[in-house]
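There is one chain below, alone, in structure tokens, taken in the form predicted on its own.
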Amino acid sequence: MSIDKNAPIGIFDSGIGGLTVAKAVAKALPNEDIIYFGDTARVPYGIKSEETIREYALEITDFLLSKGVKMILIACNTVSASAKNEIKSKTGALPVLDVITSGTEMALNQIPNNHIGVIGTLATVNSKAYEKSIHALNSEIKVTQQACPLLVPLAEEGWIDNEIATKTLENYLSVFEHSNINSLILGCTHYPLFKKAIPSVLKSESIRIIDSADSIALTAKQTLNELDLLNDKGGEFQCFVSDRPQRFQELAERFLGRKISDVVVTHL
């Protein structure tokens, strides 16, 4: 299978959160074209069965393949936990990366790394996807998890640095106060919006914050370089959604910190 180095990178999520991944990829790889798909008609994925999530994920994979992408980044923790292997089976030689694997590897590369904290949605925490991923590589590491369901609506309202956000973070992160964690994985793609606030709430400069958006962007750059697939003349960004393009564009510009062109509605 021949892969065109000038083809776009495909990134997808159940909704808006994966745009933190798109932003990190655009920063790490400014010459790459990016196609982003947000499944806004069927969000949230976390309350759906694994079978349904796999069905949705494979439909989106087909859409991205139809756009001729050279790589797919799974920017959804729920899909990463439920459908990564099925997506890889469908794409063949095309490289597929996911936020859970990339976040895990970055956390394990920290020294020391004997105790890792994870925050995520209820679905991600209940799936123990990060714990399983960490223990698959090192079974000796202690993992402490905390679900933070209110952070997603706060992020989408833009409430990331006000008193409500701070109090909410203090409540959730109190579980880590006496845990002696070495690093904290942000196990939801909305959570990087709170990256500046979290260290002050944790009251520890020694805890490394592991942003899965940054980690998957770094892995994407390394992978494309190893495969000699780096583009040197791109930089376009296209957004596709399955519903509510106006609301998506409003939130997308907040997440990305810049204006974007028209968001296209695509029915899978």
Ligand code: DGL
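Residue numbers here begin at 1 and follow the sequence given. Here the structure is a predicted model, which is why all the values come from computation and not from measurement.
One more form of this protein exists, namely the form predicted in complex with this ligand; it is left out here, but the text below deals with it.
Contact annotation: this ligand lies within 4.5 Å of heavy atoms from the stretch 182-190 in the predicted bound form, the single such stretch among 109-117, 182-190, 166-174, 82-90. Proximity to this ligand in the predicted bound form holds for none of Ala24, Leu73 and Ser102, with the criterion being a heavy atom within 4.5 Å. The closest non-hydrogen atom of Val152 lies within 4.5 Å of this ligand in the predicted bound form. Although the partner is absent here, Gly235 is not a contact residue: none of its heavy atoms lies within 4.5 angstroms of this ligand in the predicted bound form. Contact between Gly68 and this ligand in the predicted bound form is not found at the 4.5 Å heavy atom cutoff.
Heavy atoms of Pro199 never reach within 4.5 Å of this ligand in the predicted bound form, leaving it off the interface. The single contact residue among Cys239, Leu224, Leu29, Val43, judged by any heavy atom lying within 4.5 Å of this ligand in the predicted bound form, is Val43.
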